[in-house]
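The chain below stands alone and is given as structure tokens, in the form predicted on its own.
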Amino acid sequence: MPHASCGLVHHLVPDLSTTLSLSNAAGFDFIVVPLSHPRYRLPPPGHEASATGAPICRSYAFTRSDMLLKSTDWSSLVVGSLPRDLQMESMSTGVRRESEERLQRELNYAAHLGLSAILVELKRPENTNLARALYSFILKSSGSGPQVWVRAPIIAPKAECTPEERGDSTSSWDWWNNLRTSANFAKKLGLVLELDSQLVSTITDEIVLKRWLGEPIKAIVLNTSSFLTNKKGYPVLPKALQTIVRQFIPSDVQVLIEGRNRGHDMSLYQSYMDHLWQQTDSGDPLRQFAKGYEDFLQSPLQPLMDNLESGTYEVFEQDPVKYTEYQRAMFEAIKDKIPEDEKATKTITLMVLGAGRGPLVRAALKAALAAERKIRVFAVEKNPNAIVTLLTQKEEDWGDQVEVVSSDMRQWHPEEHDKADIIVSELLGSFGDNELSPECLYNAQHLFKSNAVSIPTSYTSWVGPLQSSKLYNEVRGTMDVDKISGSNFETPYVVHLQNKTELAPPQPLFTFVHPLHGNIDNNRYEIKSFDITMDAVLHGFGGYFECVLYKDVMISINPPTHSKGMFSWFPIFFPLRTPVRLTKGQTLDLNFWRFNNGKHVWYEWCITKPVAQPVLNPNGRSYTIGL
């Protein structure tokens, strides 16, 4: 059963062990507590030493001992919160330095305790000095230090806004964006979003919420004052707030419950969050299949250069949608090729190019049986390991109805009478043409009869701008010492996009049609202009495809037309080396190329508006697809 990971926020903790025990008994997974007493202050300047200059010996510590809990409990059950009254941006040197010293002392102690995270609150527009201090701490602690959770309201209270920001519901996002930009998009910097019911009720533009969905959100904060009491006497969230919370569930966020119990046992708040998590739709095959792969970067397949393994075939064959749609397309094509009055006498030839372990062959035989038509099938496959499986099925199931051909489709030349009436292939990649379907099928057109049809008939790549700090950091962390510097930003990645915001609707890019006669050129160049719908940061572009299998039968991973339940393809991500700050109403121009030099195929891309950046992957120096 899905479980909501919940933490209970405490602002004053007289007895840490008791507080932790009671919180765990109420079902909470961890607690959020101040690292020091809220009223603790450093001695004023000039009072750190006695009149003789000797150090002052204190009889008390600035916080509780680390021996109160086991180290494993500190690291797994406690998140430390930093003082809320820090004035890191004060123009008074004394006040600012005191805040810096307090912050540094507590950060160091959090690292000493081995905490998994520390929480700091944003309450004003200017946070550059705070960003500098946090970034310095992250760099010094390297991989061993705690994560830094930055708490920000979903909409900034008007009292905290500058005169220019009042009435602008995006201002708290600007606070966060300025801080994380100053901290160089540090991977250990996460966001905790405060969902106050009163502030949420003022949201009139869904773009405000969409932008937050593209941020590295670690947790959401819900105050008990935001809950209502239902007819049975249990705490529940208002419908509007429920809707917003549900949108964060796929991002695997945690929940922080804050505030007094308001007449309810605190365990009821945690139980309610579990209930919300369990209500989310878990019946989507794509979500079930992709569990654990969210925002995980993978190298695109190169099936022409590499033979696929059995496990890869097996995964693709489990798709509940793709082969159903292929079978439907073949059913229609077979019926069109053999009219009703000829079905008793006419037999057509259907070739499966790239047959793998035979799922399309099986679908073709089922389609012919349903259509009550006769077909001969050629299963053409270059992978000698898959040929073993095909020959076994021919011997045990298919018999003479299927001929297995062990050859590269581009190099096989059958007799004239064996040429195909229908060609079927599943050579598409996440970007449509990125697994070289055009190069394969155009160079196999000698297999087609003059009036042959291809399934698929056509496919189009689509591309759209994305904000995703998580993906940017994932790409930044994939440096390959064997390649040139920056090659990680010149490589596309297959990824199940989750923690992202679409900054404009995707647009069609390159289209390939089969069969195609006359001069064939697989090189392409397009410029796409996007109207930006919100203030945001551009980290790269998502790539998708739409495919017409036959007539009105299509499959798609383009978000607006995605074939529900289909999981054979995740989108592809084209990163930018340098994130770009965008403002609502700007025009973003993307230049995109596809090149084929006879040995390799590669993509190049760059933006030219609102700022110009260098072309990425020139001459395929970092990434190519081998022919």
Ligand SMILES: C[S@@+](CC[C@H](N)C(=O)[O-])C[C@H]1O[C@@H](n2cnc3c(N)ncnc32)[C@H](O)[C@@H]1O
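Numbers for residues come from their place in the sequence shown, where the first is 1. Note that this is a predicted model, so its numbers are computed, not measured.
Form predicted in complex with this ligand: not shown, discussed below.
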Original post:
Hey, in the model of the complex, is G540 touching this ligand, heavy atoms inside 4.5 Å?
Top reply: no
Original post:
Using 4.5 Å between non-hydrogen atoms, is A364 touching this ligand in the model of the complex?
Top reply: no
Original post:
Heavy atoms within 4.5 Å of this ligand in the model of the complex: does T457 have any?
Top reply: no
Subject >> 4.5 Å heavy atom contact, F316 to this ligand in the model of the complex >> reply: yes
**OP:** Consider the chain as shown here, without its partner, and state which of E106, E215, E381, E490 has a heavy atom within 4.5 Å of this ligand in the model of the complex.
**Re:** E381
Subject >> this ligand: the contacting residue among L350, L360, A536, L222 in the model of the complex [heavy atom, 4.5 Å] >> reply: L360
Subject >> All of D433, G464 and I557 within 4.5 Å of this ligand in the model of the complex, heavy atom check >> reply: no
**OP:** Specify the contacting stretch among 434 to 442, 545 to 553, 172 to 180, 235 to 243, defined as having any heavy atom within 4.5 Å of this ligand in the model of the complex.
**Re:** 434 to 442
Original post:
Going by this ligand in the model of the complex, which residues of 400 to 430 come within 4.5 Å of it through any heavy atom?
Top reply: S407, D408, M409, R410, E426, L427
